[in-house]
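What follows is one chain in structure tokens, specifically the form predicted on its own.
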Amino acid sequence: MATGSARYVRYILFAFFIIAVLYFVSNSGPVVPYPQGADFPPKGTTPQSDAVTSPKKEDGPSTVNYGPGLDPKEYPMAMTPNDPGWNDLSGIKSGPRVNATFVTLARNSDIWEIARSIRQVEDRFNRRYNYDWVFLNDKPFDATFKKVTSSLVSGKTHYGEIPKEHWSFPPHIDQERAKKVREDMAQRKIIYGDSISYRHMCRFESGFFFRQELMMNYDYYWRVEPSVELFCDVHYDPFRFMHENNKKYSFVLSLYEYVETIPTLWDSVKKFMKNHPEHIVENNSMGFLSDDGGESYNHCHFWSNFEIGNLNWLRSQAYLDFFESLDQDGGFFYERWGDAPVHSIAAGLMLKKDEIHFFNDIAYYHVPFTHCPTGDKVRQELKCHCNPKDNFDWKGYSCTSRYFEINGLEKPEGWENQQD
């Protein structure tokens, strides 16, 4: 009899345990770590055509469907201090995830510089979201690089070796001519003017990083360089912001390109525009790129060492045609075309103005420039530690004022005090 009573007690305790677990699960928001590749949408849900890519709308923001039980309206993002969850900066954030990754091009020797960058990104944002990180290198990554980076990233880490054909001279390049260009630039002391590897990097970032096998698993990317710093907390998911607002390219810094590195780039762009008028959209950002309606280039570009973007746009026929046209002209090697003006011109011509976004609230540093949000109140709300005197946004060599003007945006309070 005693044995039977003990058995009933165990049954009762077990039942209470199950009820407690079910109560906990039902009252905590689901954390949906974004799955990769074939696992998106999450296993157990019904795949839907718009689960990854938002349907395009001409008259407003995209409608996003993350799958059953993941209505974004039930998980609003905290965009201002008045929004619920603004101060919820610890623990794993509940709600949907976008099919996105961080991506870094690095050498094994960059390990401690990229470790610093990872800590910045994780501490200010990713420790609450656990997005993956893709590392790319033209050589195999060594054990130390993998051990250190995998210990720092809260999501999964992936390591890819770049195929030779994506990091070499294409067959149509005249090697002797390219060599003479490098020698001339070295004599004129043009930055990276004599570097072969820098040219391979610029061509790779312009036309190949988004086509790497590992990157094909994702729809959005956030590019992170070694030795960068994030000065402020990121209170919401920028990937999700991009996705839900139909943004395809974003930046935090803009400036003028070195004229000596791109003397014929705009000639190649004008040839592309003539050959492919179907790729040039209405309501584009030509006013950011040119002061005379496209006759000449004013050299403004978004600084691409920070960018969050839509990988499917880069894989589009429009962008691929653009890159192939430039690549055939040889300016990556006969001059020293950078990926920043290439990305910027493509975005400026082939995206609508409202598809490009300025992340004022992501404070960023990459030598030698700083983006520090304008306004004391904003910096305090974001818990920033940057010096506002270092903010580059409104200096004479910045193009950010031009971006605000062509988009009819009101500049933040206090911008006039940072012009010098």
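All of these numbers come straight from a predicted model, not from anything done at the bench. When you see a residue number, it is the position in the sequence shown, counting from 1.
Separately, the form predicted together with a small molecule exists; it is not shown, and the next lines address it.
Across the options 80-88, 284-292, 225-233, 258-266, residues that bring heavy atoms within 4.5 Å of the small molecule in the model of the complex belong to 225-233.
Checked against the small molecule in the model of the complex, the candidates E244, D321, D329, D138 yield a single residue with a heavy atom inside 4.5 Å, and that residue is D138.
Listed residues I280, M185, L105, V148 were compared with the small molecule in the model of the complex; L105 is the one with a heavy atom within 4.5 Å. Interface residue remark: Y192 is counted as part of the site for the small molecule in the model of the complex, having a heavy atom within 4.5 Å. Contact check for Y198: a non-hydrogen atom falls within 4.5 Å of the small molecule in the model of the complex.
Looking at Y334, you'd find every heavy atom of it more than 4.5 angstroms from the small molecule in the model of the complex.
Not displayed here, the small molecule is approached by H366 to within 4.5 Å at the level of heavy atoms in the model of the complex.
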